[in-house]
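Only one chain is given next, in structure tokens, and it is the form predicted alone.
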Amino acid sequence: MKTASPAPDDLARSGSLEELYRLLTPMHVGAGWNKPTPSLWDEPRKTFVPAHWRYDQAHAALDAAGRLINTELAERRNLILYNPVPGNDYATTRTLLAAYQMILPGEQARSHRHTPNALRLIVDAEPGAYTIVDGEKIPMDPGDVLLTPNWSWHGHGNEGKAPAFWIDFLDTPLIHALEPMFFEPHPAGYEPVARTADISPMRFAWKDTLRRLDESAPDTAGPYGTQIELGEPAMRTIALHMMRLAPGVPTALHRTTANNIYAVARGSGTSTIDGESFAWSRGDVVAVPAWRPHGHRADDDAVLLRVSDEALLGPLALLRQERF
């Protein structure tokens, strides 16, 4: 039953703060001076936690899923990497989502489009694995990063002889918070191929990434090691960087208001996040929520993809960084 809203005269005659609070309640109004918790705080809260997911476990789970569910029953055969905090079963960090995905030989994943921006890092694939973005068929080779921007049609296929595995990244949690979520399946089910292209603005090829890292001035002890950006930025809400870490050289300990997800394209090592250590290897994913001090140390010549919301925070004057 709806509670009657108080009359202005009753509010004006309130004889105590307790009575005023009682009258404000049915109006859905709160006294700002009486908030149980403040709405402003001196630095970002530690809501999401550092987390690590292993590729060998995900690979095994997806192998099982390949026997148990096909692309006719599932829009995508993927595993969502959700941050292990109470009440959360989806977001990897506050604004970003990561997921492992696999497609079997001979399969096609239906085409669709959505307002979240998306991209993928290919971990294991043989020739014949591909994605289609707005009619363009693009190969997916290990180490490649492929984009499917906001509202672009996209689907995947595998004409090779082995399953293809990759890591998806999306800004879906951000879109959930802002509300403009739209999704549409392709009217044909599978988008027709208009053209085939090895070189595309939607593809950052692994060989090009390694060449650019080789040509870059080394910064082994910087916060991100030797780093290059993919795109300027690659997407309006998502920044992409490839990092090369020198063996045995720790990167500078730092923190940033950006949410970061690191995916290991090559090598092994350890990330220390807010005092906690996470040992990683190829294909693993490590989530570093905003304002958590962190650094990395590689065991060998490691390359990591860094996915962040810097592209969103920078233009809004919300990006801050500190070194220790």
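Start at 1 and count along the sequence shown; that's the residue number. All values derive from a computational prediction rather than experimental measurement.
What comes next is about the form predicted in complex with 2,5-dihydroxybenzoic acid (GTQ), which is not displayed.
2,5-dihydroxybenzoic acid (GTQ) in the model of the complex comes within 4.5 Å of no heavy atom belonging to residue 226. By the criterion of a heavy atom within 4.5 Å, residue 170 is counted among the residues contacting 2,5-dihydroxybenzoic acid (GTQ) in the model of the complex.
For residue 120, a non-hydrogen atom is located within 4.5 Å of 2,5-dihydroxybenzoic acid (GTQ) in the model of the complex, even though that partner is not displayed. Remark: residue 76 counts among the residues lining 2,5-dihydroxybenzoic acid (GTQ) in the model of the complex, judged by a heavy atom distance of 4.5 Å or less. Just one listed stretch, out of 110 to 118, 218 to 226, 234 to 242, 192 to 200, contacts 2,5-dihydroxybenzoic acid (GTQ) in the model of the complex at the 4.5 Å heavy atom level, and that stretch is 110 to 118.
Among the residues 132, 99, 147, 129, the one placing a heavy atom within 4.5 Å of 2,5-dihydroxybenzoic acid (GTQ) in the model of the complex is 99.
Taking 2,5-dihydroxybenzoic acid (GTQ) as positioned in the model of the complex, the residues of 130 to 162 that bring a heavy atom within 4.5 Å of it are, in sequence order, 154, 156.
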